[in-house]
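Just one chain is shown here, as structure tokens, and it is the form predicted alone.
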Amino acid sequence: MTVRDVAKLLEAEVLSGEDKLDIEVKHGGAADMMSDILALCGPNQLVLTGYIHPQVIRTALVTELLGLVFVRCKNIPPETIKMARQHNILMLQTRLFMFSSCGILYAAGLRGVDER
């Protein structure tokens, strides 16, 4: 599935990284703790999170994530969006909760890195 497919399934708004919509998403993950993302996530992975502070962008850069999907339609700080745009990090935002978002993507065929 592509990023565009993910955005459609989750009824998500694209906040940054519009040029990445046709990239294939090979694996997904979900975490709110940056230590979990650093330890368990890696290159070209799409991660769902509720953590909206700028540190999440730094974490995405270090782990070479494909992008982030922010759940629960939180009020994302402008500096987080600005940093994502500066580094061309894909950012989507959905009103759905983490559990529902993961379930929708899993049902559509997206798997985590632990199910290779």
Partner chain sequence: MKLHFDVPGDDLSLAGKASSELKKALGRLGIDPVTIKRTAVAMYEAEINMVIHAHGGSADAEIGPAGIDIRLQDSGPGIPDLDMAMQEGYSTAPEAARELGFGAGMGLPNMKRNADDLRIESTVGVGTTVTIRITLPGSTTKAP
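Numbering follows the first chain given and starts at 1. No experiment lies behind these values; they were computed from the predicted model shown.
One more form of this protein should be noted, the form predicted in complex with the partner chain, which is absent from this view; the next part is about it.
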property: Residue 70: touches the partner chain in the predicted complex, heavy atom cutoff 4.5 angstroms; result: no
property: 4.5 angstroms heavy atom contact with the partner chain in the predicted complex for residue 55; result: yes
property: Contact flag, residue 43 vs the partner chain in the predicted complex, heavy atom cut 4.5 Å; result: yes
property: Residue contact check: residue 75 to the partner chain in the predicted complex, 4.5 Å heavy atom; result: no
property: In the predicted complex: members of 7-41 within 4.5 Å of the partner chain, any heavy atom; result: 32, 33, 34, 35, 36, 38, 39, 41
